[in-house]
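Here's a solo chain for you in structure tokens, the form predicted alone.
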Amino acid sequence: MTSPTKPTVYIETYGCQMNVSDSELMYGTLAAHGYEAVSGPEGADVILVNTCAIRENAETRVIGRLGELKRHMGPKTIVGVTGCMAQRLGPRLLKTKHVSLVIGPDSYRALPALIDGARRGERFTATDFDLEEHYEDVVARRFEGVKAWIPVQRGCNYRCTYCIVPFTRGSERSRQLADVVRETHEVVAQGLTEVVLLGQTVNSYNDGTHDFADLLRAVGAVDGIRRVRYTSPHPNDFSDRVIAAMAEVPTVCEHVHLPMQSGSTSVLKRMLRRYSREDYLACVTRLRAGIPGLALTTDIIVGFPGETDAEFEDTLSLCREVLFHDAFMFKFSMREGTPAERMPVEWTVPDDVVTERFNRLVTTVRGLSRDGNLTRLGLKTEVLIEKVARDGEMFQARTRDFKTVMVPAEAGRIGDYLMVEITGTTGATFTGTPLKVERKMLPLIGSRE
């Protein structure tokens, strides 16, 4: 129940885990200034849409949603657009008449003052980069429930030709290791036992003294932490030190999301990914040799400019060779201002060809994943109950290697660790029969319906 004396704020989040973390920072910033979070836009005093710019359809969806939100506005409601799309489009978003604020990822500290100005009828764009901003003094209002997203790095220096991130997040910069460890201790005090370290190329983390291997060891050693994850790494930045830390720190989970993007060396060169097909395979080999039982997931783009049938077949064959546990697969989306926009128009792959290739890729990856999942039947493994499943009748849990397992609602509570036997699979997810429940007594911190 909300307080009648406190202004209310609703934040709707799109995009990656970094955006989820940023929404938690915004909630924390506004909570420190007397705002109260609500679970829906109806009647909220402030509505913020935290946006993604990685693909065109993500931006199109937000534009449509801004129109829908107008019907939820009261006479004094303030509407703002934040995040990567705000950074990319800036003042252009103010053409939507009921939008008063456009705020990029480095300007969330100014939110309370900007909202006050909007109440006076002013309209603001705040999209300057601040390479020193890590929001160290902001206490995030976490709403994930069982895990904490902890940004350790912002921005990116890689400049892949298809990617808008360097233009929306700026250049790479890392937090001090001691600050990350301090936040991890705070997470434990809140009752959480799993952390996810976030960065655009997270394994290139370096605070001037410590590298990512040091960070994994330091965070993994915090008393009360049981699982350490991270996303997303770059294949070029897996040093022997990082692989050794993953293998030797028992809290670091046996899962790596390793973006591939394409299995063709020539496409990777046009993407400016800075590795070849052979380099990627060598990275996979080193990871699997160092970390037995490692699960690998990936990102793949279909239809990049100039992609030929043979180059696409290289992607399919690399999927068959690596045997990914799963993949996020996307049709190429041209982003205004990226180097790919300047590629010859005749390199454009026709939509029908892209669709046919995409469907073949999905069939291939899902089939390989299903075959691998069938081999896990009968396995006994630890899971962490994360949330109520969509059907409302079971719990959704997660293994250390990032498999989704459905368990009966009576098996425990959100936040419990338990041992299960894998007894069934749909091809993508599993069902598990509980063997033992370990009570965590985890509070549902900021959980949303």
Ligand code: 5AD
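Just so it is clear, the structure is predicted and the values come from calculations on it, not from any experiment. The numbering used is simple: start at 1 and walk along the sequence shown.
One more form of this protein exists, namely the form predicted together with the ligand; it is left out here, but the text below deals with it.
*Asks:* Which pick from 207, 313, 299, 279 sits with a heavy atom within 4.5 Å of the ligand in the predicted bound form?
*Replies:* Spelling it out, the residue with a heavy atom inside the cut-off is 299.
*Asks:* What is the one choice in 124, 135, 332, 358 with a heavy atom within 4.5 Å of the ligand in the predicted bound form?
*Replies:* Checking each option against the ligand in the predicted bound form, the one that comes within 4.5 Å is 332.
*Asks:* Is residue 238 a contact residue for the ligand in the predicted bound form, using a 4.5 Å heavy atom cut-off?
*Replies:* Output for residue 238 is no: heavy atoms all beyond 4.5 Å of the ligand.
*Asks:* Taking the ligand as it sits in the predicted bound form, is residue 162 near enough to touch it, meaning that at least one heavy atom pair lies within 4.5 angstroms?
*Replies:* Although the ligand is absent here, residue 162 would touch it in the predicted bound form, with heavy atoms inside 4.5 Å.
*Asks:* How about residue 261 - does it come within 4.5 Å of the ligand in the predicted bound form, if we only consider non-hydrogen atoms?
*Replies:* It does: once the ligand is placed as it appears in the predicted bound form, residue 261 has a heavy atom within 4.5 Å of it.
*Asks:* Is there a non-hydrogen atom of residue 37 within 4.5 angstroms of a non-hydrogen atom of the ligand in the predicted bound form?
*Replies:* Outside the cut-off, so no.
*Asks:* Given the stretches 217-225, 299-307, 77-85, 348-356, which is the single one in contact with the ligand in the predicted bound form, using a heavy atom cutoff of 4.5 Å?
*Replies:* Of the options given, it is 299-307.
*Asks:* Suppose contact means any heavy atom within 4.5 Å; which members of 40-59 contact the ligand in the predicted bound form?
*Replies:* Those in contact are 54, 55.
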